[in-house]
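One chain follows as C-alpha cells, the form predicted alone.
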C-alpha cells in the first residue's frame, strides 16, 4: 500500500547489513564481534564502485522506473552482492534518524570488529535500505540520513577512522525480498567491504 504523502510508515526499525552473502542476524543479542570479522574480512583490493555512483544510480532508478514499486534491480546490485558484507538490525525512532539507545551496544560491537587488525585500514560502505512503504524519494533520503547517523556514531562515539566509512542511502531501490516489498526484512543497512 502506498501513501500520497511522503510518510515512511513502518520505518521505526532499520537494519544494518554487514556480511557475506546477505546473511541476516535478526537477534541483536546473538551478534558477536567474531561473526562480523569473519564475514567482512578477506577483501584484497579496492572495488571499482564509488559511493557517489551508488547514490546517483538510486535516484536515477526512481526517475527511470517511476511508480510505487520498481520491479527492476539496480545495475550495480549484482556487483554489490559479490562483496563481503554482514546483516544486523539497528533500530531508529519512527520517521527519524535518531538511533535508539538500545542499539548502541550493537553499534559498539560493530566498531570493535572494525578496530581489529583483520579489518583495520579497509574501507566500508554503510548502505541504508528501507521497505517499500511510503514515497520512494522520501525513503531514499531517510535511508541516507540513517546511514549517516550510523557512520557518525561509529566515528564520533567509537573512534572508527572516518576515512574507513562512507554512508550511502538506497531507500527501497534494492529490496532484499522483492516478493514482499513492505516486509520488515527489507529495512536494513549494509556494511560492505570495498577493500583497501
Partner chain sequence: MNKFLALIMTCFLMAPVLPAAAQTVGFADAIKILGASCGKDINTYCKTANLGNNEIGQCLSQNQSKISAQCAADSITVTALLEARFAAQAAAPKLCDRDAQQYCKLVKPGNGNVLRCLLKAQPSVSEKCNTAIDLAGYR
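Residue numbers count along the first chain shown, from 1. From a predicted model like this one, the values you see are computed outputs, not experimental measurements.
Heads up, the form predicted in complex with its partner chain isn't pictured, but that's what we're talking about next.
Contact with its partner chain in the predicted bound form, defined as a heavy atom within 4.5 Å, is made by none of 40, 57 and 81. Looking at residue 97, you'd find a heavy atom of it within 4.5 angstroms of its partner chain in the predicted bound form.
Remark: residue 75 does not count among the residues lining its partner chain in the predicted bound form, judged by a heavy atom distance of 4.5 Å or less. Within this chain, residue 69 is remote from the site of its partner chain in the predicted bound form, having no heavy atom within 4.5 Å. Shown alone here, residue 50 lies farther than 4.5 Å from its partner chain in the predicted bound form, counting heavy atoms only. Between 60-68, 154-162, 167-175, 132-140, the stretch whose residues reach within 4.5 angstroms of its partner chain in the predicted bound form through a non-hydrogen atom is 154-162. For the stretch 89-127, the set of residues having any non-hydrogen atom within 4.5 angstroms of its partner chain in the predicted bound form comprises 93, 97, 98, 99, 100, 101, 104, 105, 107, 108, 109, 111, 112, 115, 116, 117, 118, 120, 121, in sequence order.
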